[in-house]
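One protein chain, two forms: both are listed below as structure tokens, the first as structure 1 and the second as structure 2.
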Structure 1
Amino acid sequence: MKRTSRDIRTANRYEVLRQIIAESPTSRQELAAATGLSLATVATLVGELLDLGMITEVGFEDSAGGRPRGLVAVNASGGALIGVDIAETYVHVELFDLALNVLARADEDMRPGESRPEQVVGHVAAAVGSVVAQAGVEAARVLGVGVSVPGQVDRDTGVAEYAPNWDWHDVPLLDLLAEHIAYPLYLDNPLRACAVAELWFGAARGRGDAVVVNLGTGVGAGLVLGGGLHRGVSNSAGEWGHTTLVLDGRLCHCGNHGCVETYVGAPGIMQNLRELSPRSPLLHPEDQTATIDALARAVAAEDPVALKAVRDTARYLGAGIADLVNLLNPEVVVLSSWVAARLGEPLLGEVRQAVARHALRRPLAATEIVLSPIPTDPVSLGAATFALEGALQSVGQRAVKRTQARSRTAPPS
């Protein structure tokens, strides 16, 4: 799809603000160097962001032999953003200031069988109300709510087109949420959210090519290619969890057999453990979180069954990640989301060994494999950046309308 000049301007405004958030305080000259935009373009965009109250002037720095350079920084109190992480077992919501510092958090557990759209919407509305109340922010200061939901989503229409783990088809999620939440809403999925979080604040920062492997109930890969988020033609890129790992293997929710997700997602790990030890006390049949927590504790205690379960999981995961390394030749592969965070270093060490057995030597030599360093929930953080992107787009549209209105009312020269 061809981008308009307005789309390009919005993208440039977003990129300049991203750099300011990452590097505050900074100068217009440094912004031009970091973004590749001309100094004149950066100066114009900085002026717009100053007018919007999103950034502020914070003094000067000496330049080598020239005039002092003016410095700008993000105006943390210039607005609030909300990031919503809807997962199969929980809803986690965080409220951020404009510097993307967390000001409030709320959690809602989702029990098995609580996945009907109206039930999920109820949990999200409760958690959003909770963080706004905790932070004590005025409604007018909330610039938007970014919502991450698993599966295939249409960003433009706000429809969750397909969520296999819930058997959702064409659910008008943003319309349902708008009945309960009065702020602007922006929809995407956790693969994109995790990738953006790592690109802004995590292991993919400053990297041109990265893969963010999201390990939760579901599994996927957020892709950063050529320094930017890769969405694919229908915002569906990264569904690596539904690539075939084992021919005629385990049945997946998507209807196929042998998908990566069925071996390395939380239910797949539970199955790996069940096949090793059907009566293992580590198994909590209806509770993924409790099982993964118990497995992590048992690994720390060097329980042999737990160690073998993690090693088996890492064998499957390593083979799948080796495919990503060979296909995409990334600088870094990041293991993200709650399963990766809970199993941590023991899983990482086994995965590195398994990838080394399967990946080609040259791309492997150029790839780091790391755990996500982001201390907060990466999906909520990434979702909040979608709200920021949407807010910048809407202010850009309002600015265009104001300009058009002025030109219509201006007297002829």
Structure 2
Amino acid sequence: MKRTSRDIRTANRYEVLRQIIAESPTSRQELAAATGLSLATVATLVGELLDLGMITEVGFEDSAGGRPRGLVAVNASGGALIGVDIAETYVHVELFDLALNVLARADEDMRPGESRPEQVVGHVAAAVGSVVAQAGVEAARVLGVGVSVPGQVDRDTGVAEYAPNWDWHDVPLLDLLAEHIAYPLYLDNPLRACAVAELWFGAARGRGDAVVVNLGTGVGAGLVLGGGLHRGVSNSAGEWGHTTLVLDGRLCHCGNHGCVETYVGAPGIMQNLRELSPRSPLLHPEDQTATIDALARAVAAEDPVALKAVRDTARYLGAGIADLVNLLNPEVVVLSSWVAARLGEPLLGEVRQAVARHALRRPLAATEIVLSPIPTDPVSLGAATFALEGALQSVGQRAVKRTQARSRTAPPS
């Protein structure tokens, strides 16, 4: 709530690092141009990041008659970040270097019924241990672990206030995890993880206002407003899946009827397909992933039923997204998560048309609708980004002293 001049610094630090990660190697000049900051400010921020070991100087640009520009790049091996994606049936963990390359993965399946917090924590601890061992990084170089857990989360206290899958209430998840994991921990939910991933590395980079529509088993919308994540007063903003799309429509597990989720979530898409063709061979009743995969393949083969199913889904989705466009007037709407990744361009095209039919002209003209450009799992990437943000947050004064030390020691060769 209260803004101080330090927040400006932190935001600029984020901005510079984002830019370096996006375009490595790069020069101070380019960074200044890209961020709009002065050269002097960029230079001090770059100095801080050099001191932290997050970036390194990697040589010089060829000059055409002048002092050559020094180039900096992400120091990939300068640290490791871990992203944990806890879902209903699995725990997926990835370890990233600072260039956000995946160095190691680990998965733990959870059987139905394995829903006690201690059990979940056990799986997470095992997977985290596994990725650290696989990647062979020293413990000291792990900058933090971001954890995404479905439902409502109090990120300050680290309490999972409510997780619908397992009917958790006020589980002190971060404290439980801290007993097994010695690295700094950051907790939030998958919606916001995806949004942050897009904000740092995806289609929302550099945009003031963006909506990240999450299409998975559940559905939600991560909101980027004013250049930062919008959390709402109790950190539960973005619950878009239970917006009423069809009055008295399909029954949703939330108890209402006609929620967006029941039409465009993976089970909803299966239902759309089933209503078109009850015995479609594409349907794998117990396996959402297999069904969506089959649907994607059938669309590629121009199967008419599959095309119609995607079009129907896009109609619902487009109507919902149009409402978001009208309400929030974002620069970009990003379709993210596994369903969007698999259905890809065919879905996107239909959605664009459907949105165009429903949205008002002016907001529509200002809004781009795109697929997430993030190739890996956005949830674990976003979770890792929370850890990265955490590591950058508290850079504070110490760095200044060390800047002096640096400039004394190693003049460029």
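These numbers were taken from a predicted model, which means no experiment stands behind them. Residue indices: 1-based, along structure 1. What we label the rigid core is the largest C-alpha set whose atoms superpose within 1.5 Å from one form to the other.
Q: Of these two copies of the chain, point out the form predicted together with another copy of the chain.
A: Answer to the question: structure 2 is the form predicted together with another copy of the chain, whereas structure 1 comes from elsewhere.
Q: When you overlay the rigid core, is the Cα of Gly78 off by 2 Å or more between structure 1 and structure 2?
A: True for Gly78: a C-alpha shift of 2 Å or more.
Q: After superposition on the rigid core, does the Cα atom of Ser38 shift by at least 2 Å between structure 1 and structure 2?
A: After core superposition, the displacement of the Ser38 C-alpha between structure 1 and structure 2 reaches the 2 Å mark, so yes.
Q: Comparing between structure 1 and structure 2 on the rigid core, is the C-alpha shift at Glu345 2 Å or larger?
A: Result for Glu345: no, shift under 2 Å.
Q: Would you look up how far the C-alpha of Trp168 moves between structure 1 and structure 2 when the rigid core is overlaid, in angstrom?
A: Reported C-alpha shift between structure 1 and structure 2: 4.2 Å at Trp168.
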